[in-house]
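There is one chain below, alone, in structure tokens, taken in the form predicted alone.
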């Protein structure tokens, strides 16, 4: 078969520079690094679509520890690892010894004895997840160095309290597929939306504003009072937008955010101050307090039930036909109307499917020397 254009465009040196690197937050990497990573993800998708197998890491173990529920990310991790010839191993965070006092570094050392890659989801408590992932990486690295073990064991953030890089990079790739001309100048509304289910993490909107602001978009963040995001993420979005020639504004109205928008991403997240209150209650193991805080979160959410992506809101977008996006699962009837979700059902599935290739790229770039040549070798 001929080499797909996605493989022809790969730049060896920039991709080789990603060897041995872990991705905890997109803000840790340069835009050039992220472009190299996403170019490999696009190549993996092109090869997969024509049935080319890429078992680059046979007989290796890909551990993933989930301290929160997951469907799409868990299955994407398993699918990505399997496509690379690895054996995925899914670990329930509640089955670890972390709750009994084992540190992240100790957990990393224990799992690092056997793992060839490590994914972590730790997203529910502000100030904990991202730090846990970094400490766990330190534990693995220390073990490998102390034992003269040459394995590359990349760490992949499968969602923390700060960022959700596998999701937002999948979102970026879907946007590039839908808008081949790119998102420079595109109006993108990242908006809070009502949810009655639970106080959801802040990491998806934070990850979106940090990543999409790198590419010159007219980015608008909308939320009711009390639902602000972490200052560091807001500062990063402002800086990235200034450097990319885009814009970043914050509004207090979903209507204002949707006005003439090309893309809308309505997504619920928890009220900031109450999410902070959960930190101490969680550390104390006070489940009664955690339940009470959750109840107050949902009561506050209930003051803003009109923050729904429905036909009236979508009529305000460009041509009344903006692209609807969501990380899923969406609360249908609350975050989004049934009719809007039905119209975009295939779109959000295609958006989600990119996550498999993002994770494949993260693992392969970190683990496989001379990756460009190896990939081209699958197309004689």
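Treat the numbers as computed from the prediction; the structure is a model and nothing was measured. Numbering follows the first chain given and starts at 1.
There is another form of the same protein, the form predicted together with a small molecule; it is not shown, and what comes next is about it.
Contact annotation: the small molecule lies within 4.5 Å of heavy atoms from the stretch 66 to 74 in the model of the complex, the single such stretch among 27 to 35, 340 to 348, 44 to 52, 66 to 74. Out of the listed residues 159, 301, 240, 107, 159 is the one that sits within 4.5 Å of the small molecule in the model of the complex by at least one heavy atom. Though the small molecule is absent from this view, in the model of the complex it lies within 4.5 Å of a heavy atom of just one residue from 213, 206, 191, 167, which is 167.
At least one heavy atom of residue 121 is located within 4.5 Å of the small molecule in the model of the complex. Residue contact with the small molecule in the model of the complex: residue 62 places no heavy atom within 4.5 Å of it.
In the model of the complex, the small molecule lies within 4.5 Å of some heavy atom of residue 327.
The small molecule in the model of the complex is not approached by residue 313, whose heavy atoms all lie more than 4.5 angstroms from it.
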